[in-house]
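Next up is one chain by itself, shown in C-alpha cells, the form predicted alone.
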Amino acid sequence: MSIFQRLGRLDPRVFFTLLIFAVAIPIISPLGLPVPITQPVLDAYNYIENLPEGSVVLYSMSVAGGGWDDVGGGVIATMQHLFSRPVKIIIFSYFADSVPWVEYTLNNIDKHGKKYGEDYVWLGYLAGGEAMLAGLASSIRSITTTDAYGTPLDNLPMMKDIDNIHDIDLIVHAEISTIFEAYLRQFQAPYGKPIILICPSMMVTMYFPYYPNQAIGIIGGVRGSAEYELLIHRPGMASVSTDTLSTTHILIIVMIIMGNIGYYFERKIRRGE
C-alpha cells in the first residue's frame, strides 16, 4: 500500500489524538495567533490609551457566571489596560451576582502599583436598576456613602473630589443582559459621556447602530476580547478560545486535504491508471 493510499485510510484514533493536542496546546500556553483587529475594538483601545492623566473612569460590571466565558476576557483586558494608565477607576456592580467576578478580575490583573483608595475604588453591588444609575449621575453619595468594604467614601482620598457624572470622563460597561440602553439614557444622552461597551457576541448586531456616536467602542464576545488582549500584548482566556478554534480548524482542513489526496490516488489505482 502506497503512502497516498494510507492517507485515505488513516486510523480515526490518530485524528482524535491530534485533535487533543490541537486543543490542549493553546490552553496550556496561549499562542496569541494573529486576529484581524476590528475598528470598534481599536476605537475602544485608542480612547483608553489616550485618556489624559488624572481622568476618572466609571467601570460598570453586569456580568455573571453564565456569560463570563464570552465577555470575561474583555473585562480582564480592559481592566488591565486601565490599571496600566495614569487614571482613576471607580468600579461598581449592577447585579449582585456580578460581585465575585469583580473580585476575580481585581485578583487576576497587574495593578501596576495602583493603591486602593488613592487610584481605584470598589463600590460593590448598588441596587436600584436604572434609578440607581440616575442617582449616580446626580450624586454617588446619594446611592452609597461607603465602598464595598464599609469604608466611608469621604475617608478615601480619591473620592474627596468625585461625586457626580461631571467628575467622570469615561464609562466602561460590561454586560451579558440587555440594559445598555439604560446607560445611554442616564449617562450618554443627557450628559454626552463616552461609553465603551463589552457585550456577548450575539448582542453586537443589536447594539452596533449605537456605534460610534453613542458607544465610542464595542468589544463583542470572545472575538472582540481576543482582539483587545492582542492590542495590550497580554494573551489571555479569549486568546485561548480563538487559538483553539484556529488550531482545530487548521487540523481539520489538513485532514480533509489528506483524505482527498488519499481518495484520489486510491481511485487511480483501482482504475489501473
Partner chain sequence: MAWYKSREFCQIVTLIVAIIILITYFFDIPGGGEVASHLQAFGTIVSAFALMVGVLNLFQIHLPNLMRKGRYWYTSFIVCASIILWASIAICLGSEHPISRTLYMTVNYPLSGTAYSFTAFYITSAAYRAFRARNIDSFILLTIGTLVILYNTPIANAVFPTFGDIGDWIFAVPNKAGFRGVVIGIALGSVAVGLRTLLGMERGYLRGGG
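Everything quoted here is computed from the prediction, not taken from an experiment. We call the rigid core whatever largest set of C-alpha positions still superposes within 1.5 Å between the two forms. Positions refer to the first chain, counted from 1.
One more form of this protein, predicted in complex with the partner chain, exists but is not displayed; see below.
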query	finding
Contact test in the predicted bound form: residue 19 vs the partner chain, heavy atoms, 4.5 Å	yes
Distance check, residue 211 to the partner chain in the predicted bound form, heavy atom within 4.5 Å	yes
The partner chain contact at residue 10 in the predicted bound form, heavy atom, 4.5 Å	yes
Close approach of residue 255 to the partner chain in the predicted bound form, 4.5 Å, heavy atom	yes
Candidate spot 101, 104 and 223, all three touching the partner chain in the predicted bound form (heavy atom, 4.5 Å)	yes
Among the candidates 51, 42, 232, 245, the residue which, in the predicted bound form, approaches the partner chain to within 4.5 Å (heavy atoms)	245
Within 56-83, the residues that have a heavy atom no more than 4.5 Å from the partner chain in the predicted bound form	64, 65, 66, 67, 68, 69, 70
Residue shift check between the shown form and the other one, rigid core fit, residue 54 Cα at least 2 Å	no
Rigid core superposition, residue 241 Cα moves 2 angstroms or more between the shown form and the other one	no
Inter-Cα distance between residue 249 and residue 201 in the predicted bound form, nearer or further [3 Å or more]	closer
Closer or farther in the predicted bound form, the Cα atoms of residue 201 and residue 22, when the shift from this form is 3 Å or more	closer
